[in-house]
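So this first bit is one chain, no partners, the form predicted alone, shown in structure tokens.
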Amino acid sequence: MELNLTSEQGLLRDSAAKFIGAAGPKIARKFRDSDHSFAPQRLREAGELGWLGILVPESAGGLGLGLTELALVLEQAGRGLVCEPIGLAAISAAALGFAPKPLPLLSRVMTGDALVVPALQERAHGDDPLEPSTEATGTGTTLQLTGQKMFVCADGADGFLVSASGRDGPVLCFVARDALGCTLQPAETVDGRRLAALYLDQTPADLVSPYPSSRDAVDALYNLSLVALSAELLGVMEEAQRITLDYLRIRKQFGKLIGSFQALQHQAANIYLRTEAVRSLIFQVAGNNEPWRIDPAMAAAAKAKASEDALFVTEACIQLHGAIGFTDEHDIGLYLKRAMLLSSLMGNAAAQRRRYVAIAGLTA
């Protein structure tokens, strides 16, 4: 699908591609089993380019751009297997910036000097984001949270945006990493980096107000997360496809290029169709929704489609490489591992399909 980008959007995409060019599988390998999951300096460079404040309104010091621009940047991040949490930092900055009275930390988050990430997921296979089991007690803008979150990108984070059930429904709160009662238990992921379980015990937190026309702050941030993860998955699929098609053009078997074999051509066509379908859906969602009020059904549909097809595409790419694709030395396996990680965050394809059915009111 050819995107009709404006000249500014085209420049943004090219700028992101240039930035991502300094990343790639070689850099991603360095962070496997390392003490650090990413390079803070690279995150600050993304902040200098304005990407961390890409959704933050201009009145709050951000670029005030939309989901299409965010998707263009994160698509490139997925292609380069970027380890810096650019997407999570950008949507957290947006959540902080949407509030009528942004938290003082916002300016540091937009420059990359501080990292704030969402902590919304409570179960491995997805859950209802608007009914968190984490409880918020207290009144006013200072609350206490008790509960736990899973799969938090806590490495290097200075704070978390935590969803909780309050007296009048779900609330979004900022929790400082060093807050009383806040503990982390890191765990290694399939791609060699670390996520963490976040435990809160009467932990003090600051209430984050929603954008005036949002349904609520938790709903806005959760749907933003789904779109961001989907865009990054798209980039993973595109680069895995490119690597594989290049391989089919040069690898020979029985004296012929393997790309000339009809069975492999069929699979390559399947990969192309799935990638383009995901690309079409994500940019349709991005182009027709405001960042603070994304249609929850469309966000779920995009994440379900991207999660399922990214796994199909990256697995098929390994199969098309033959035996070498199953070795750790070849880069194609890194794309499958990144797809496995991203597709599981905030609920996998099955969880998002269940959510879509519930939102749309469909019955068997």
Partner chain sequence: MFRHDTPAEASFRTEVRSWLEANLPGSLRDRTTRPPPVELMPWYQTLSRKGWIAPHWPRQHGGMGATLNEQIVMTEELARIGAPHLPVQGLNHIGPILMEFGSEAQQKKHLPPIIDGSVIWAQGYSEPGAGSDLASLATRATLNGDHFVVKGSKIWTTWGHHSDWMFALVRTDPDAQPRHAGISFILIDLHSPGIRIRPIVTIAGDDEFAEVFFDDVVVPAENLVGKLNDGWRIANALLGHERLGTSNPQFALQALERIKVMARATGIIADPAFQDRLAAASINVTALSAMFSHAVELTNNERSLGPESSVVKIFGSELLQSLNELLIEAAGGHAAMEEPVATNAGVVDVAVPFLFSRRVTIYGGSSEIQRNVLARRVLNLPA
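Predicted model, so just to flag it, every value in this text is computed and none were measured. Residue numbers count along the first chain shown, from 1.
Separately, the form predicted together with the partner chain exists; it is not shown, and the next lines address it.
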* Would the partner chain be touched by all three of 272, 276 and 298 in the predicted bound form, meaning a heavy atom each within 4.5 Å? -> yes
* **in the predicted bound form, segment of 335 to 343, 59 to 67, 322 to 330, 303 to 311 with a heavy atom within 4.5 Å of the partner chain** => 303 to 311
* Of the residues 166, 259, 147, 192, which one places a heavy atom within 4.5 Å of the partner chain in the predicted bound form? -> 259
* Identify which of 197, 245, 99, 105 has a heavy atom within 4.5 Å of the partner chain in the predicted bound form; exactly one of them does. => 245
* Does residue 265 reach the partner chain in the predicted bound form if we count a contact as any heavy atom within 4.5 Å? -> yes
* Asked: Can residue 353 be called a contact residue for the partner chain in the predicted bound form at 4.5 Å between heavy atoms?
  -> yes
* Is residue 281 close to the partner chain in the predicted bound form, meaning a heavy atom pair under 4.5 Å apart or at it? -> yes
* Asked: Does any heavy atom of residue 288 come within 4.5 Å of a heavy atom of the partner chain in the predicted bound form?
  -> yes
